[in-house]
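Taking the form predicted alone, here's one chain by itself in structure tokens.
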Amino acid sequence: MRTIIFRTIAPYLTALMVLFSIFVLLRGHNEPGGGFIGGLIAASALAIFGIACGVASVRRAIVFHPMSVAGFGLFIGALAGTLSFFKNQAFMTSQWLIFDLFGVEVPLSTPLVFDIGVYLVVVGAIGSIALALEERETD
């Protein structure tokens, strides 16, 4: 399914899907969404790009190996949980850091860091599976 129309539109569709996945990731703390569904959308974008342009193009575009991305996401997720130990609280207790940025109050939280970790794990794992399946299909 490498039609000229699909190959032409795939990079734009991939960029739009990755942008939407980041939107879903960031809004997921207060509304439906979050790291898992955002990661699935981003992994689907990689799969679409791989089908249209080939696995080699995807590997060049993402720079890091997908399992390295998953491993880093796992590290970030575990780190978000262990930060509560420094305040003598239970594992995965939410911690908040609120600071002013140009007069705007910006809250950062460990649940957001955990969601980013989940996002990276899902993108890395599902992306690795999709790329492996696409490579086997072309052989």
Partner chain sequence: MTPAAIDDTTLYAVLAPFAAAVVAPILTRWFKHNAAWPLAIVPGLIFLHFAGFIGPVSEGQTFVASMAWAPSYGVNFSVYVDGLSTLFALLISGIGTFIILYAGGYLKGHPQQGRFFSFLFMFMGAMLGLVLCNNLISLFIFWELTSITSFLLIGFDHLRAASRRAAVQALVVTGGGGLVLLAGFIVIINATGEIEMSVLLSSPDLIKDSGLYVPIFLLVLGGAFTKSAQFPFHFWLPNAMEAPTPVSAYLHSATMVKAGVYLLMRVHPLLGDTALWTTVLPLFGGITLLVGTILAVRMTDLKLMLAYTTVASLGLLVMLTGTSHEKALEGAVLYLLAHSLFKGALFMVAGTIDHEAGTRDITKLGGLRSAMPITFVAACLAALSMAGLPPFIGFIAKEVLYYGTWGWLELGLPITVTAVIGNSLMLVIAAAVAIKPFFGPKVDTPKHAHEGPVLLFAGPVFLSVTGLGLALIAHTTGVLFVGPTLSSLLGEFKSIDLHLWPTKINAPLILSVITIGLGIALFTQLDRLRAIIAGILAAIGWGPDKGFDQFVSGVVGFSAWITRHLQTGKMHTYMMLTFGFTALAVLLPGFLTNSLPAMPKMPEYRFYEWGIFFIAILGLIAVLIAKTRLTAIVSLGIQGFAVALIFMMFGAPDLSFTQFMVETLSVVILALVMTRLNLSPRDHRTAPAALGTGVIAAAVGLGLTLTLLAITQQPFDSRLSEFFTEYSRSIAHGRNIVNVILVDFRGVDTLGEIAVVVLAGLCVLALIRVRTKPEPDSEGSEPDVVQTQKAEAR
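Values in this document were obtained by computation on a predicted structure and should not be read as measured data. Positions refer to the first chain, counted from 1.
This next part talks about the form predicted together with the partner chain, which is not shown.
- Proximity to the partner chain in the predicted complex, defined as a heavy atom within 4.5 Å, holds among 40, 83, 53, 62 only for 40.
- Contact check for residue 57: no non-hydrogen atom falls within 4.5 Å of the partner chain in the predicted complex.
- For the chain shown alone, residue 78 is a contact residue for the partner chain in the predicted complex, at least one non-hydrogen atom being within 4.5 angstroms.
- With a 4.5 Å cutoff on heavy atoms, residue 106 does not count as touching the partner chain in the predicted complex; it lies far away.
- For the chain shown alone, residue 114 is a contact residue for the partner chain in the predicted complex, at least one non-hydrogen atom being within 4.5 angstroms.
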